[in-house]
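Before any questions on how it binds or moves, here is one chain, the form predicted on its own, in structure tokens.
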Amino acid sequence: MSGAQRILVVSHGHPDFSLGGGEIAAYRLFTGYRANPQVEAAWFLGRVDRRKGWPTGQISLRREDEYLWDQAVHDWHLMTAVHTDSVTGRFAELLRALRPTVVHVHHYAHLGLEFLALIKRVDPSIRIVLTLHEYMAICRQNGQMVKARTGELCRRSGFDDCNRCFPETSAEGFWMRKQRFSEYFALVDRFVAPSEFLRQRYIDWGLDPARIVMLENGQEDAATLPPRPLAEGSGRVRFGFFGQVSAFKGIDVLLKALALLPRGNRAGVQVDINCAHLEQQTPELQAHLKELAEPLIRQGLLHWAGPYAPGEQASRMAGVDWVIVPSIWWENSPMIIQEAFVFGRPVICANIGGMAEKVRHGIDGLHFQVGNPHHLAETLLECAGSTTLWETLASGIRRPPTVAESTAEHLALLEG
């Protein structure tokens, strides 16, 4: 594709309302497109649902070149939008007004699949690029490939296996689901996977390897933080969790590991929990985390710092030595791993999926056995007890690509 590009970025959320990793990655790429001289114009369309389940279908201007789409999905099995008339109406009108040469989609969750077909119906020459952020087409369980009833990791989807997770839907129903996703995915010109692990999962599912490429999400070009100042006789004993609370993020694994630390090895050890959306979780999960956290807070091992604004991340990360990513699902390319590396902090993560791919064990971080608090406790003790490990791993960190560098890679993909 030659000539200046006109790129519309579509995301399942706007960072003004939702600070998930996918939303932030999409918005950063939009800013990169807008700043690149190869791009004639760039716009951002982010989904919102102000009425919580009763979207209006309206598309409104948020600020210059940024729009909000009040949309939702009512059938998560088939990924059907609530406002299909908004797809054929307001979304089509926006496409005709902007005249993009490319629509770069960062997820279809909360938006449905129908708008992909509408893009080609309005103008078949528009190229569709779809960045995949997890495994939703493969897995009905929120795209996380964790078995619904047991929490066991799922290694490959199958219609009968999916039926066992969701017995209310027949194996034939899951066959129809895959057919529907495949038909809409056939309209996509190129797929982007932010990790090789995710790329291979989609190839195993049926995507043509030639149609899906691995490209990292770009990061802000922030300065590396200096090491945390140490008091005399203190070690690298401050650990931090950053991100959203969910049943799959492994915060309970981390809290159990902290409780397992022997009394004689706790000197100065502290974990900071920097998290959002605890109040949105089930009462059972909230109560479980509270039960685990309260004794640790009383003992001085845990500081529940709560949510933080994007501008506060650097100051919070400056107060820790290590960043912990204890997720119990495969993850794709957790934004916090790349952010930790930008700021010069080694990462301790579960040994599966995109986490294990992004963190090189013994080089820029450490792996522990997924879901195993005993192994995580051993890893915390290894980190706290060493006088050289932190320096060794910090020196092995490779800075992730900047937004500008990632944008250049995406534009090269469009030219290919």
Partner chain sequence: MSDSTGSGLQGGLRAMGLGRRADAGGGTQARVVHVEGAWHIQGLLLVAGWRLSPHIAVRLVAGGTDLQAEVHTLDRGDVAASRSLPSGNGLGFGMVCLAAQARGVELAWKDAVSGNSGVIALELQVDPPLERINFPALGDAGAACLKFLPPNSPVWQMLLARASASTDVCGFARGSVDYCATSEPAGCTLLNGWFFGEPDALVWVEDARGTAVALHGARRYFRSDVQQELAADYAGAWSDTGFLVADTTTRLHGEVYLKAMFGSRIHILSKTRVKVMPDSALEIVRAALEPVSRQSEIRHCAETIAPLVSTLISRDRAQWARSTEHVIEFGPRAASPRVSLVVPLFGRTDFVELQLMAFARDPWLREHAEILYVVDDPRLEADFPRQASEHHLLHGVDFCVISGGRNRGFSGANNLGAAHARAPLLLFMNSDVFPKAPGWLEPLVQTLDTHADIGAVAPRLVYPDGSIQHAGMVFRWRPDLHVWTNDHPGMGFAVGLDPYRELTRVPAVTGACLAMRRADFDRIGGWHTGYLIGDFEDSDLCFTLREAGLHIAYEPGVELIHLERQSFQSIASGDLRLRVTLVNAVIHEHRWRAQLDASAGLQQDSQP
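Everything numeric in this text was worked out from a predicted model, so none of it was measured. Residue numbers count along the first chain shown, from 1.
Same protein, other form: the form predicted together with its partner chain, not shown, and the subject of what follows.
Asker: Within 4.5 angstroms, counting heavy atoms, which one of the listed stretches 235-243, 336-344, 195-203, 118-126 is next to its partner chain in the predicted complex?
Answerer: Of the options, only 118-126 has residues within 4.5 Å of the partner.
Asker: Would you mind picking the one in 280, 265, 170, 224 that has a heavy atom within 4.5 Å of its partner chain in the predicted complex?
Answerer: Spelling it out, the residue with a heavy atom inside the cut-off is 170.
Asker: Taking its partner chain in the predicted complex as the reference, which of 308, 248, 166, 175 has a non-hydrogen atom within 4.5 Å?
Answerer: Exactly one residue meets the criterion: 175.
Asker: Examine residue 321 and determine whether its closest non-hydrogen atom to its partner chain in the predicted complex is within 4.5 angstroms.
Answerer: Residue 321 lies outside the contact set for its partner chain.
Asker: Verify the contact flag for residue 315: yes if a non-hydrogen atom of it lies within 4.5 Å of a non-hydrogen atom of its partner chain in the predicted complex, no if not.
Answerer: No, residue 315 stays farther than 4.5 Å from its partner chain in the predicted complex.
Asker: Quick one: does residue 114 come within 4.5 Å of its partner chain in the predicted complex, counting heavy atoms only?
Answerer: Output for residue 114 is yes: heavy atoms within 4.5 Å of its partner chain.
Asker: Is it the case that residue 299, even though its partner is missing from this view, gets within 4.5 Å of its partner chain in the predicted complex, heavy atoms only?
Answerer: Because no heavy atom of residue 299 falls inside 4.5 Å of its partner chain in the predicted complex, the answer is no.
Asker: Only counting heavy atoms and a 4.5 Å limit, does any residue of 140-165 reach its partner chain in the predicted complex, and if so which ones?
Answerer: Result: 159 alone.
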